[in-house]
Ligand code: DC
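Only one chain is shown below, in structure tokens, and it's the form predicted on its own.
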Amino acid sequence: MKKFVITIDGPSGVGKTTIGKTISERLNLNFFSSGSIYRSVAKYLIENDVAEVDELDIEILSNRCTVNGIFYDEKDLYDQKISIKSSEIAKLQDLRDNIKSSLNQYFNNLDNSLVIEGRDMGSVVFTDAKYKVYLDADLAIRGKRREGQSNMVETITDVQKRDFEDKNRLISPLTIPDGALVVDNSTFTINETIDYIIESLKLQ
């Protein structure tokens, strides 16, 4: 069977990572979270006092992202300083082009299909993806989820601000990809959301 891509896009707090990872495990597919790249780049820039992103070497191997050869553990990528910086650099066209190229190269090198989540995976990076999902949920619910995920570092106000920036940036704004399955999981559990996606897309 020819390998394919399942993209999962949506704002903060909709469960993209958990849902995408679980779907990949159920279907025995590869999984990658594109947000980890922006957070890794942000951490690298902060720690190395670097302002320019043009010459960064971003590589994805075995579901791990390195920036100029440095790998950061996921647990070290979630603090407010990194979140602010990652939102800032997400507006840079050169960086987004670099990341898009790295992600496409990563997929081309895979032997199996890929589930990937982010904010422009279906709309920009993998426009020809066989399956596209757009997750959404009520702001208050997403804010509460995000507070739990970040140990209260990110608040509902932070999520609302991130929503505005993501949807209104000139480059790769957060939008519903063409042909995407739109799922509002405000009242769904994680498992209910996953079951609905798998059933709706006829993935089994």
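If you're wondering where the values come from, they're calculated on a predicted model, not measured in any experiment. Heads up: residue numbers just count along the shown sequence, starting at 1.
There is another form of the same protein, the form predicted together with ligand DC; it is not shown, and what comes next is about it.
The stretch in contact with ligand DC in the predicted bound form, judged by heavy atoms within 4.5 Å, is 162-170, chosen from 63-71, 44-52, 162-170, 133-141. Shown alone here, V115 lies farther than 4.5 Å from ligand DC in the predicted bound form, counting heavy atoms only. Using a 4.5 angstroms limit between non-hydrogen atoms, N98 is distant from ligand DC in the predicted bound form. At least one heavy atom of Y38 is located within 4.5 Å of ligand DC in the predicted bound form.
Contact check for A129: every heavy atom lies farther than 4.5 Å from ligand DC in the predicted bound form.
Within 4.5 angstroms of ligand DC in the predicted bound form, the stretch 59-96 places a non-hydrogen atom from each of Y78, S86, S87, A90, R96, taken in sequence order.
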